[in-house]
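First comes one chain, alone, set out as structure tokens in the form predicted alone.
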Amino acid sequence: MRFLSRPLLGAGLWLLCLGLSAHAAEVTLTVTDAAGRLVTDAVVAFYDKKTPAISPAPGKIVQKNKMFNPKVTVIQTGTKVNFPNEDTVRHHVYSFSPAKKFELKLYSGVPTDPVLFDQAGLVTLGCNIHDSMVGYIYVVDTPFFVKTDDQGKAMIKLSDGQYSYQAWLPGQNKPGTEQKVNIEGAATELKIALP
């Protein structure tokens, strides 16, 4: 049987105490537009200015039936995304957005190298061959983000504390005005109305 050294035991107890004091609240969000309609695929990002960035897992946006799937994707800065083409026709994926300019020239199958998204902001995707194909990638500098479902709702778990947050409607170039919120307690409901 192995015993922990005194320094390791102390560190473990400190982490245990820290975990017990960091209470996680379940935050339910509802996002509406200026007309009061529930918004699908709205993006909300929370910032607490103290949580370190988490090394993001690679992402994937599939092209199928001449559409980007998913149409709206949210990722952290530093995420690599691959763009497999599952259609029987070739695609030419590109973006001219300031947050990421890139081009995957006419191809089928899976590109050899994923694309690195290293700057926060909105990236609008298109296909040079099929003009109807449009997709959006929201690149955020925080590990706390959600995307609303087809009922305009989303849920995220956040530790108690002060946060600022921003929300985007699909296709908007800029997020709504930054807002503040205090998360405290077991459950919080947040209603966001965007202009």
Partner chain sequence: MIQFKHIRSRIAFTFLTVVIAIQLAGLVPLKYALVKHANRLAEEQMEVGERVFVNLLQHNTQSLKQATQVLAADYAFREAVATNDAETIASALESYQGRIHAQVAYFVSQDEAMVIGTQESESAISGSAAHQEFVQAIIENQTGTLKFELVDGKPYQLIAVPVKAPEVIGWVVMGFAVDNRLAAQIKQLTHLDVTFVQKTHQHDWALVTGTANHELSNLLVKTVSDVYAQKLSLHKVDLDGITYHLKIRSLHETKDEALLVVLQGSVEPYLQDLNTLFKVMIFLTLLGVVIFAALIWYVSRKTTEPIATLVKNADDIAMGNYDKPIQVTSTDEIGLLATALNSMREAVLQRSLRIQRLAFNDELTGLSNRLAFTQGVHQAMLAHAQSNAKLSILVINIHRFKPINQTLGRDFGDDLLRHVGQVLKQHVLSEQDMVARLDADEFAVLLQHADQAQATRFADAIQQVFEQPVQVQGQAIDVQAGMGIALYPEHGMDEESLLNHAETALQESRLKKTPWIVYNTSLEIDQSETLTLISDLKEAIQQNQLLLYIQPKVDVSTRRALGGEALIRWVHPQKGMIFPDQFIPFAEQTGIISDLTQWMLRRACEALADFKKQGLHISLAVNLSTRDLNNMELPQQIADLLAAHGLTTKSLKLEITEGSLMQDPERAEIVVRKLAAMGLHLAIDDFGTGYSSLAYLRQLPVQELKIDRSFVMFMDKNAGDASIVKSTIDLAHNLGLIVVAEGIENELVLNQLAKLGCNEGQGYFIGKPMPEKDFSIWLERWQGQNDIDIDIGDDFNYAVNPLDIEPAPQDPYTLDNLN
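Positions refer to the first chain, counted from 1. Bear in mind that the values here come from a model prediction, so they are computed numbers and not experimental data.
There is also a form predicted in complex with its partner chain; it is not shown, and the following applies to it.
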| query | Going by a heavy atom distance of 4.5 Å, is Gly152 a contact of its partner chain in the predicted complex? | reply | no
| query | Are any of the heavy atoms in Val134 no more than 4.5 Å from a heavy atom of its partner chain in the predicted complex? | reply | yes
| Do Glu103 and its partner chain come within 4.5 Å of each other in the predicted complex, heavy atoms counted? | yes
| query | Could you tell me if Arg90 has a non-hydrogen atom within 4.5 Å of its partner chain in the predicted complex? | reply | no
| request: Look at the stretches 123 to 131, 58 to 66, 25 to 33, 139 to 147 and give the one with heavy atoms within 4.5 Å of its partner chain in the predicted complex. | output: 123 to 131
| query | What residues in 155 to 175 sit within 4.5 Å of its partner chain in the predicted complex, counting heavy atoms only? | reply | Gly171
